[in-house]
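Given as structure tokens, the chain that follows is alone and in the form predicted on its own.
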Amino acid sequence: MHLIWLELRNYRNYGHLDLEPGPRLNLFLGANGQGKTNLLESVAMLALSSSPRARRDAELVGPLAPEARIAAVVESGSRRAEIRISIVIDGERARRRIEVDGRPRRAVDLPGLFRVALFWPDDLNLVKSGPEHRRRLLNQMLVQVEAGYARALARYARVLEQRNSLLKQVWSGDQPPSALEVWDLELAKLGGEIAGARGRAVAALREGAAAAHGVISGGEVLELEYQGPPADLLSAVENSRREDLRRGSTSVGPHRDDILMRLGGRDARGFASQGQQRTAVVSVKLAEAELVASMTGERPVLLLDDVLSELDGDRRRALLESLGEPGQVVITSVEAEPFPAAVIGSSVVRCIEAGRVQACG
């Protein structure tokens, strides 16, 4: 899996960028706020169809025009494809248009054509913040490798919205309780599919994340445990109906899932240092890349934003050594100092300043 060419037009702080990354290690250097994270975000959008970072598409449109564009040529096996994502401001809304080789594609159909594994500093929330961040990790991986997952996820969101609305109507007497039955069945069916895929993913990630973490940390033990809904989801949904009616929302299902992360047998949220948190998250991301490779036969493009920050020298060296496997890697950093001369020598090194990418002077 390779990114052959990338074009950005009026995307965040990039007015005009044409970029041909190298086939292996690519290192982008620049001060904070110059566009390093924006660059990785644009590449991630090619895989996910939407930004893993922005709350609204309008945030992606720069100041030069009411439209932003990401275009790229990607290579998967022997096939090359051109992906274009346009975001157009239309009144108070932003419309997103996706094309593959000049033909329109739906957002749910894009993931899987190009695959990435992404780390950026916000991913520290995987350890220290709420379960929605850990669910997002699984969703971003599974839409790229599990056929039908993106559609099931979108349908589940609609069913959940409809059921929550109906709960309020039943509670107020505007609808009979029997109206919930069809939505309970659909929620249990789709929720079971999603939870099953997530459970298998965490089981597959567990070994790889533990191995990567042991190497980077010098032997510290990382454990992952999926905490999903009951196996008989339909019965659980039906049994929770009284409480759901009182609350006006659905209390059981994969929208409440979590992943428990332990370091040395203890919940990582309670005691892990910043360096330990970063090591744990990076280990999960490296395991994600290996899992995607094993499931698809191709390594995803590995995107690492400011990955060495807050790691001591030993952990930095171990992490950089773990990147020696074949595959395309894009790393950003404020400075080159943390990288050994051998890594710099084997990388395509560029500098970013105010949304402009150029050779480092």
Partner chain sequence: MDQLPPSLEQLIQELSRLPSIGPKTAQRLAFHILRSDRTRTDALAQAIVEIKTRIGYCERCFNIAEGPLCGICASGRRDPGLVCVVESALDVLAIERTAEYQGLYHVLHGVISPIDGVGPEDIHVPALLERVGGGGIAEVIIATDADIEGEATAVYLSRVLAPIGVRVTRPAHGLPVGGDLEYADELTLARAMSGRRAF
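Numbering follows the first chain given and starts at 1. Bear in mind the structure is a predicted one, so any value in this text is a computation, not a measurement.
The same protein also has a form predicted together with the partner chain, omitted here; what follows describes it.
With a 4.5 Å cutoff on heavy atoms, residue 171 does not count as touching the partner chain in the predicted bound form; it lies far away. Among heavy atoms of residue 286, none comes within 4.5 Å of the partner chain in the predicted bound form. Remark: residue 207 does not count among the residues lining the partner chain in the predicted bound form, judged by a heavy atom distance of 4.5 Å or less.
In the predicted bound form, the partner chain sits beyond 4.5 Å of every heavy atom of residue 128.
No member of the trio 317, 344 and 359 reaches the partner chain in the predicted bound form with any non-hydrogen atom inside 4.5 Å. From the list 162 to 170, 129 to 137, 256 to 264, 274 to 282, the contact stretch for the partner chain in the predicted bound form under a 4.5 Å heavy atom rule is 162 to 170. Among 93, 97, 158, 246, the residue placing a heavy atom within 4.5 Å of the partner chain in the predicted bound form is 158. Put simply, of 175, 76, 86, 240 only one has a heavy atom within 4.5 Å of the partner chain in the predicted bound form, and it is 175.
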